[in-house]
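For reference, the chain that follows is the form predicted on its own, supplied as structure tokens.
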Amino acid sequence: MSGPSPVASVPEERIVHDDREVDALVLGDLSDFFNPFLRHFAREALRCGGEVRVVPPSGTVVGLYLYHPVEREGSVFTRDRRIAAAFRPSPGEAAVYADFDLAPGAEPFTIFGGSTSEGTPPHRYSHAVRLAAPSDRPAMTQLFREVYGEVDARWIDSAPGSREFALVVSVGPELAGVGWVTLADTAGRLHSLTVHPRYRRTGVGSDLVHARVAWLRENGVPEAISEIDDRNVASRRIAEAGGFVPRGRIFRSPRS
């Protein structure tokens, strides 16, 4: 009778301390969807006081671990379930995102993909959408905290930046919604769509999806992905209305 390989058989890991080490990593094929973004993810984790670990300590990386201590979230990128299962964020409890369901009650997220070409469905905007400015950061932080609870504002400080951008909708003096875009060469990722409860079902979310797709197209990015919780029916419908289709799945596994 065979079972999963013991954790002890997983190759030794190494902690990555700074951007110079990130740049020097030789990354293998770790993901169907996120390979273009991995160095950026690692730099962002370090910038926000998180952990970056790799397996093995030298040579081609076959496992990349990221952990954020404030939001208590981890991500593991690997083709090897043994390596994914061995991820133990430190310190304490965390949820882990991976290609594998690593614990009972793992929550599935669908990876949607779509073209940013002019052939995407037409959209009539209900609100003006603009690129976020540094002056929007306090309002963005407040919105995220109202919707999600504890949020590390250092993530928000990355917009606008060289890789992370946020598009926003304001209604009068109030920030009604935010949607983020990550750029990695010719790859784009839409993430963290957040609409204030008062402005849901008013077209804010749909406007932000279409505006981000148009923004990527204008910046020469032909394709984009977006990971959406399977329970988030509203966001799934918005993505599908924007021409996105399911491409695969990842899982958020609880840890204790």
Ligand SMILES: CC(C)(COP(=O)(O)OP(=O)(O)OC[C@H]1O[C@@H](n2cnc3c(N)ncnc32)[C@H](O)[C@@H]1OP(=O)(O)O)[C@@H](O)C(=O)NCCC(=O)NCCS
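The first residue of the shown sequence is 1; numbering continues from there. Keep in mind it's a predicted model, so treat the numbers as computed, not measured.
Another form, the form predicted together with the named molecule, is not on view; read the next lines as being about it.
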*With the partner left out here, if you bring back the named molecule in the model of the complex, are Leu64, Val96 and Trp155 all within 4.5 Å of it by some heavy atom?*
no
*Scan Val195, Val55, Ala45, Ala211 and let me know which has any heavy atom within 4.5 Å of the named molecule in the model of the complex.*
Val195
_I'd like to know whether Gly203 contacts the named molecule in the model of the complex, with contact meaning heavy atoms within 4.5 angstroms._
yes
_Contact test in the model of the complex: Tyr125 vs the named molecule, heavy atoms, 4.5 Å_ = no
*Flag Val233 as yes or no: does it have a non-hydrogen atom within 4.5 angstroms of any non-hydrogen atom of the named molecule in the model of the complex?*
yes
*in the model of the complex, does His17 have a heavy atom within 4.5 Å of the named molecule?*
no
*Which one, 187-195, 217-225, 35-43, 66-74, holds residues whose non-hydrogen atoms are within 4.5 Å of the named molecule in the model of the complex?*
187-195
